[in-house]
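As a starting point, one isolated chain is supplied in structure tokens, in the form predicted on its own.
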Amino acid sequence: MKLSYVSRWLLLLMVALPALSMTAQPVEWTVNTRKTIADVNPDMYGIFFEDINFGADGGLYAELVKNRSFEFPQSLMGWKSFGRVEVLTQDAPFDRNPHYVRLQSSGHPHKHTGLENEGFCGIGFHQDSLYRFSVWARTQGNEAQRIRVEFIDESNVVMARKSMKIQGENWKKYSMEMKATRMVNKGKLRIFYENRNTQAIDLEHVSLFPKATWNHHENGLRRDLVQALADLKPGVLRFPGGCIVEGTDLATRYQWKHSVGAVENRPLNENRWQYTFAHRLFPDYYQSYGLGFYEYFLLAEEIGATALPVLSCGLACQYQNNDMSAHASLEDLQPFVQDALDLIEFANGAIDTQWGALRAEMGHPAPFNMKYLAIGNEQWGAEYPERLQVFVKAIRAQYPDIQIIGSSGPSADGEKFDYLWPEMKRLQVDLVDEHYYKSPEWFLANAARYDNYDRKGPKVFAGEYAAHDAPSAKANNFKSALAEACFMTGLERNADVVRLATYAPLFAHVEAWQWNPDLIWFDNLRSVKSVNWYVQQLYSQYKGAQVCQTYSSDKQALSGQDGLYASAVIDKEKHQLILKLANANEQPKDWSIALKSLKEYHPQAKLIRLESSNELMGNTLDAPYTVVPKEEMLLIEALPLQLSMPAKSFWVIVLGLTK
């Protein structure tokens, strides 16, 4: 449709834009729709997962039993035992998880033997939902034995009960389904040795999953949490974390080879975040590796994201280890390099290769088509590039198409940062991972950060960032979200330099968090998307394909002048022009937006408004929709587009193109 002149705007759906102010000249902004200055990476906006705040076990990983294989240093941590319960290791079914329990008769007809598991801050049960209980078991002798499995509510009342028959001296997996009869937030799982005769029963890998996991995978993920990830429409998934890749020491670093193969035989690992925060200590924080690299790759595939794994470079966490003896020497680096090469084979190799065959055996014969690999997390000093160089040489020689990601250290500036960037250029890595956890004011002041970056050097991966509003105890509030939205206009305008961006951290259990803010909060039954989540979704959903040339009346980008921020992208295949506008001021601002060279468009545009009358407001489990985007229709009658934007607001305008 061709329209001659355009003068004003009109909102439909019973919501009107504020009238144009007569007290000040509008801010003039020009978008040249025919001149594009950069392509937007289809993977641009993604998610970063780290097992912090009980994000994996007790969170995304849907297993409800804590210490299911009795491998915690205190073998019955997470369990209460009664009667005659013994922990054994001889003749175990799984060599990397050797502990199991033996239940025997209590010796009295009115005394019971059994176990009770507390779960992760309790076990959540949804009313009328099915749960899959499974256990590896055997009897001492061939006589059939029984265990009774019960779901217990907060008042210690049984709300579901079912018996399971076990017979045979050989280890075997048994499973059954049970229905929860009511909703329980902090339940327990109880197991009785039912026969109470002289023969014993051995139990190993006691497991309880909701039947309704994401895509109904048996070793599955919590459905509502994955849906929150899928709804972000992420381009990339970085995993398995940052600091946990390093480990407090190398022995406890995340090792991907321990996280694949039969889930029952994946060894326990001590979580890097177990000891870090003494004021929020969780001494029972371990990784079962049930959520392992196969599951990460599968998750990325199923939510439409590109996988971006991170591996150790042979350096343990440098914050926690000043002595070089804590790290792998250059002479001992080869196993770490081989892990990287083998991971590429696991992800992309043919099924007749060693690691490609394992991937196929696990259920995915087709390659995952991995294209990114990060080596190291927040390393610094000369010891990092000298190790990274060994990886780069080996990966380039065998897999030249893999994009290698290096690090610029733990901060977005300073001595470590200034040293590492030239080193990353020297090593010719493809992307450099930058991290910044800063105040909202920093984000507002640094939206033009990448305007003058070297266009010929490595590209930028903004791998961890979040606005930390210290006065509000770093809450996920509208203030922090708006600052991030303003800053991200600078990421988008510089899409030729910034190729990937992921907010961090991703998940937090409301009763077991150690670090905030976080993108998604949850308890045992519910989850809530933060205001920051909605900013990430808007950028990802409306990322466009190419960045348009834009400029203000003084021929500069709108990147903080007068508290205003803006970017524009176009997607010719989707026939969309997308404008992102942010007003960080305490008062409304008027805009006059010229859409240069644009002649044919639909008169009805989409306007998405993210606003709050109180910048300290956020979303909670009890009030999950306090601050969310509101979508309206915008009728365009004339150009330039005249808008009046409220104070403290972020808008996305999607204009349909007819050609």
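Nothing here was measured: the structure is a model prediction, and the numbers come from that model. All residue numbers are counted from 1 along the displayed sequence.
Keep in mind that the form predicted together with a small molecule is not shown, yet the notes after this line are about it.
Taking the partner from elsewhere, no residue among Met44, Pro234 and Ala545 has a non-hydrogen atom within 4.5 angstroms of the small molecule in the predicted complex. Residue contact with the small molecule in the predicted complex: Phe48 places a heavy atom within 4.5 Å of it.
When the small molecule is considered in the predicted complex, Glu150 lies well away from it, no heavy atom lying within 4.5 Å.
Shown alone here, Pro309 lies farther than 4.5 Å from the small molecule in the predicted complex, counting heavy atoms only. The small molecule in the predicted complex comes within 4.5 Å of no heavy atom belonging to Tyr285. Only one listed stretch (362 to 370, 443 to 451, 537 to 545, 238 to 246) carries heavy atoms within 4.5 Å of the small molecule in the predicted complex, and that stretch is 238 to 246. Of the residues given (Tyr551, Trp171, Tyr437, Tyr419), Tyr437 alone sits with a heavy atom within 4.5 Å of the small molecule in the predicted complex.
The partner is absent here, but in the predicted complex a heavy atom of Pro505, alone among Gly187, Gly292, Pro505, Gly314, sits within 4.5 Å of the small molecule.
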